[in-house]
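Next up: just one chain, as structure tokens, the form predicted alone.
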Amino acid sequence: MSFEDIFQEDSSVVNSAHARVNLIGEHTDYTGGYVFPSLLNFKTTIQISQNNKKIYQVYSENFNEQKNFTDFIKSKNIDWIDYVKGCLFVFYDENKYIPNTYLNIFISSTIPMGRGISSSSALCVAILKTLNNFFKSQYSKKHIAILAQKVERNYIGVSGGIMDQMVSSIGITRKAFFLDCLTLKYDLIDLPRNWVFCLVDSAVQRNLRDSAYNERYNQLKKAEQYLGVEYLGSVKPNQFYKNKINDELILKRARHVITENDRVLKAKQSILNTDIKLFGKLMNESHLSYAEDFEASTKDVDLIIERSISSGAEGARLTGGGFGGFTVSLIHSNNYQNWKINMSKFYDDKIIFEV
């Protein structure tokens, strides 16, 4: 189905936003630390036009479903349409001079949902970019990312950071996006030649609202209270070990984030120094910390990591919010075919994707 099939007219504005893979740096964004994602080829595309029916008409190609509404009240059980409502609510709230304008909205996407590569943030960024163009509001890409985060945090209720929205709005494919999540300063860095990053889908469906994501968020906020800091991102490993956290669980969660921030900084430098083997080592250390201290991995995911490394990957780790989704592996291009042949003994080629 196309926009024209559904709404019997042409769209007036089209825009899109990509999914992302986080190469290293998990749960460091909302704690004021550093992240190192990159864009994927998967993307969500939004088409819109104005209508005169005094109703919002939204069609999702993925769900093969049209939903109409006149208000921005959130559903009792979060549905895909709530992300659209949330974007409209936040956008109009930011643009109080713009009259409420009824729209036809068509959503199409190649992004696998619930797999930890930020399908929801790409959807929000794509909608807000399209509204920005339609209403000629001239917001910067950074501001669109900030608005998209407001949708997910304030409207949907997911306690996430700014990483996903920033890279989806500003990032460039084949470049790593180093972001200081406290200052929002960023660098775009070329990914290393002769090295390949590959995703493997663990096929474990994850849902941020139903998973332990918000629980981890609250645990890290408690760690900040223990340490008397506003953000864990400001705590260096040597400072952390001088402080006492009496709660062993909170200690483990904090240790992951504080050491992860250090790994992200070293990973950025290793790319700049073309020391890719060090980057792989840091990925392995990151996954171990994510699995043991943050307890965000699963047995299926750990097995993928183990098999990827034994198949020839220099480094491998779970990527995204945790509790399932994709893993990301770093492989030298000369070894890529052997790695893929080895991995194909365990996993269907259809769930292996090159970044």
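Throughout, we count residues from 1 along the sequence that is shown. Since the model is a prediction, treat every value here as computed from it, not as a measurement.
Separately, the form predicted together with a small molecule exists; it is not shown, and the next lines address it.
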The chain here is shown without the small molecule. Which stretch in 56-64, 22-30, 41-49, 303-311 comes within 4.5 angstroms of it in the model of the complex, by heavy atom distance?
22-30
Quick check on this chain: which one of Ala176, Ala122, Leu128, Met163 has a heavy atom within 4.5 Å of the small molecule in the model of the complex?
Met163
Considering the small molecule in the model of the complex, which of Phe197, Phe134, Tyr213, Phe106 comes within 4.5 Å of it through any heavy atom?
Tyr213
Does the small molecule come within 4.5 Å of any heavy atom of Gly321 in the model of the complex?
yes
